[in-house]
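Single chain ahead, written as structure tokens, the form predicted alone.
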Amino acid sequence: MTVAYRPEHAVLELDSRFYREVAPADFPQHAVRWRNQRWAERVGLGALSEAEWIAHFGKFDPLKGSLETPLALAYHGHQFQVYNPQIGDGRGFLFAQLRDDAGRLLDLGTKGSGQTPFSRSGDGRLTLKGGVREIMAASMLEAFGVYTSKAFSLIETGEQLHRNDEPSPTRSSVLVRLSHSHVRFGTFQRLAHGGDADGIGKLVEYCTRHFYPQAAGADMAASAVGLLREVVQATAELAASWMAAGFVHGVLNTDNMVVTGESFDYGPWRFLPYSDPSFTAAYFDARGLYAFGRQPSAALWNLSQLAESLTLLTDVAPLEQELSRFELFYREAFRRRMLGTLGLQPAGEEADLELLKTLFGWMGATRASWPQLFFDWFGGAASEARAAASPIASLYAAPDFAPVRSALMSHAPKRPERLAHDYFRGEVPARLLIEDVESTWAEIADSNNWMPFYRLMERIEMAREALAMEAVKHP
């Protein structure tokens, strides 16, 4: 540990209604496949040797001063808008808490670390492909400035797993993610389902103390309303950031949304190949409930379930008033986020909206590559010469692009010095379309060749440095 290491165990302020003590699985092998050194250094764990890394994140020896025993967290949730009281941390647990260099309380949570009392018939394991995909998604979203959990560690564990949606047997892994909170909307729902107003009150106090101190009110009713106000704004920002990144989460159930407005738990995610509101990520989402264009409404629906849980502490009317603010928060965040993705300064609400309307109209009609277009025109007029050399430059030369070009030119570049980064010297962006993901995984699956994966991650890191997206105001 370095002097930056600041262990915590704030979750123990809550009682056993909120978690169960569990033991980690005993894995036959431990091969480190991913180590997030940048974030490890930020939380004081960057100096760990490989053996120490495996001891803590593969065998789960406690981190000094943090939790002595892993905790499987208890929650319920709506899955595709159907309530399910039979869920909880079925293949993961809260391993440790600590603080980062900004003083924020952070969780180290696991995925694939073994069975818990909430596992039901599951084996508590994670496929290696699932772990690799989570690293990809979290890293790319971080590059786009999305408030996301960080893939902290991935260790291959040497077991052979059988899955219906992957060629089996398949390789296994255990993932550790670093995130600001694991307090899910479903954490509140579980307590409300049991009529436990006292438990919800304790959870509100925990969230206001550690995430939103400005939300604390004169009494519990006021604190509940204040907490919802903050969560509504944070969730609107999250939904807007997904949309601006062209990201489809895939499974926006209430147990996959946390009160800090942080994106996490990446299963059947996709990035858009082209602009399409109906694009879905999960093969089992037959109704398109969580399609790309429906993500904001899905987020609001989930917020309404959180608000319903809080009715055990306060009246409905003030909660409904806070929910009504979502649309305004979302619209403003979306406009700001889209301009950020284009590397442009605002030019006034009317001009900004006209740009976005014109751009998305053209993208929908032409099915131009989403990742390529935003790479080509980052900085607007400052990238006109780059765009002329793009693999899809012929689309930009067509007459129907003229209104888009005019709208782009009407906005000044924002921090155009970013274009001097080596990232923009290439012709194509870092991207994670499904063919990129599958081809990278195929090298690992077929010949245990990890070099394409590591090269891809280096390219994503270049994008993060080059884009230098302004951070959201985190709680």
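Quick note: we count residues from 1 along the sequence shown, nothing fancier. Just so it is clear, the model here is predicted, and its values are computed rather than measured.
Another form exists, predicted in complex with a small molecule; not displayed. Remarks below refer to it.
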Inset, instruction - Would you kindly say which of Arg335, Arg163, Arg209, Arg99 lies with a heavy atom within 4.5 Å of the small molecule in the predicted complex? - result: Arg163
Legend entry - in the predicted complex, the residue from Ser179, Asn256, Gln305, Ser139 that sits within 4.5 Å of the small molecule by heavy atoms: Asn256
Inset, instruction - Using a 4.5 Å heavy atom cut-off, indicate which stretch of 101 to 109, 164 to 172, 321 to 329, 123 to 131 touches the small molecule in the predicted complex. - result: 123 to 131
Legend entry - Contact label in the predicted complex: Tyr147 to the small molecule, heavy atom within 4.5 Å: no
Inset, instruction - Answer with yes or no whether Asp89 is in contact with the small molecule in the predicted complex, where contact means some heavy atom within 4.5 Å. - result: yes
Legend entry - Asp265 within 4.5 Å of the small molecule in the predicted complex, heavy atoms: yes
Inset, instruction - Determine whether any heavy atom of Phe271 comes within 4.5 Å of a heavy atom of the small molecule in the predicted complex, and answer yes or no. - result: no
Inset, instruction - Identify whether the small molecule in the predicted complex is within 4.5 Å of every residue in the set Trp242, Ser275 and Thr280, based on non-hydrogen atoms. - result: no
